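Only one chain is shown below, in structure tokens, and it's the form predicted alone.
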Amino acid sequence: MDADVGIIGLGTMGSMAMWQLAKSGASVIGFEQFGVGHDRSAAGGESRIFRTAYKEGTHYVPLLKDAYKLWRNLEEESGNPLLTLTSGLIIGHPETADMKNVYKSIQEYHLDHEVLNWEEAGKRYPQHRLQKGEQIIIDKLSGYLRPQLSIVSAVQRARDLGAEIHSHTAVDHIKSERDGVTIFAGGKTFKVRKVLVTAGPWAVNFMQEFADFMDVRRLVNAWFLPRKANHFCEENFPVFTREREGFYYYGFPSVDGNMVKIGMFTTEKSRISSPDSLDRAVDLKELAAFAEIIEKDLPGLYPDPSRVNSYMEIYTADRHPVIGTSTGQDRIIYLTGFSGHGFKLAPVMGKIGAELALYGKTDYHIEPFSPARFIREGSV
């Protein structure tokens, strides 16, 4: 064997799994088709939100609490600042399903929070122009992560612990056999006991049986200059998410002391045929949608962006990740399909992936994420 575990893709999840595996003393080989810390996938864009009051389901909250601890562990081990807490604003009408789900997660896990009605919100956070009846929930354990620095930090820490990294090396094919898995990459073959598929949008290439129930989506981020810089610094303008009248978007303070980042959540209309077909150009129609948001909701920003970029995410049919093995393929473990909300969970998901690779099980509750849910539904 060349290693106990091979990892395909050293981005969001692969980097964290490699760190956890190397910490455990396992031998691990990682393959990354681009450079480690690249911006071509879901980790691009320099910042990601960390939040614990969670609209996607209360069962994520224990995972997020452990993820927070692991983020701090990685900071300590790497010496790099990765997570900055600003608190976080969830803005919307209290009767929407997402706001109700946020309340549910807060109540079930007694999360530290505050609720501001329309008048209170307008006084404390005048940067946001709220509509009558909207409110703000303040998630006290929320802030932003530095995604690419986080990935590089995890991979470097794994390297320091003995991991083997093959950067700029695409995996062409994997073959599961009785005694292990053969990886064909860079014109060579490698033999490992288990494989973790953490290839983000490219994961579909290694799990064709689920291809009909996973789609790659293009997302656009834009950066805007503030009219008054101090109004949008971390102390005055926390990270936020907002839903209103067909717009569902999120934003960050001026983490670089200069620009405010705004991103829109993707929809099925954002699908692209394959990760290799990503169009990184942003057209005028897309810019118009951002301009409408700025004009109506964030008038303290100049409406023309100083920078725009497009990236990718991979979604599943139910918008929950795929974690585990497929029928008859217990040596190949999938850790993918995080549907736009995975980065904050990355270190705990890396730990789960490492445990599945080493022990075939984990104490974390991952049944809702099993690949078998699609098979049971007759999807495969």
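The structure presented is a predicted model; accordingly, all values stated were derived computationally and were not measured. Position 1 is the first residue in the sequence shown; the rest follow in order.
The following text describes the form predicted in complex with a small molecule, which does not appear among the structures shown.
Though the partner is left out of this view, Gly200 does reach within 4.5 Å of the small molecule in the predicted bound form, counting heavy atoms only. In the predicted bound form, the small molecule sits beyond 4.5 Å of every heavy atom of Ala67. The small molecule in the predicted bound form comes within 4.5 Å of no heavy atom belonging to Val28. Among residues of the shown chain, His341 is one whose heavy atoms approach the small molecule to within 4.5 Å in the predicted bound form. Contact with the small molecule in the predicted bound form, defined as a heavy atom within 4.5 Å, is made by all three of Gln33, Val171 and Asn221. For the candidate set Phe190, Phe210, Phe290, Phe252, a heavy atom within 4.5 Å of the small molecule in the predicted bound form is found for exactly one residue, namely Phe252. Note on the partner interface in the predicted bound form: the residue among Ile49, Ala53, Val348, Ala354 having a heavy atom within 4.5 angstroms of the small molecule is Ile49.
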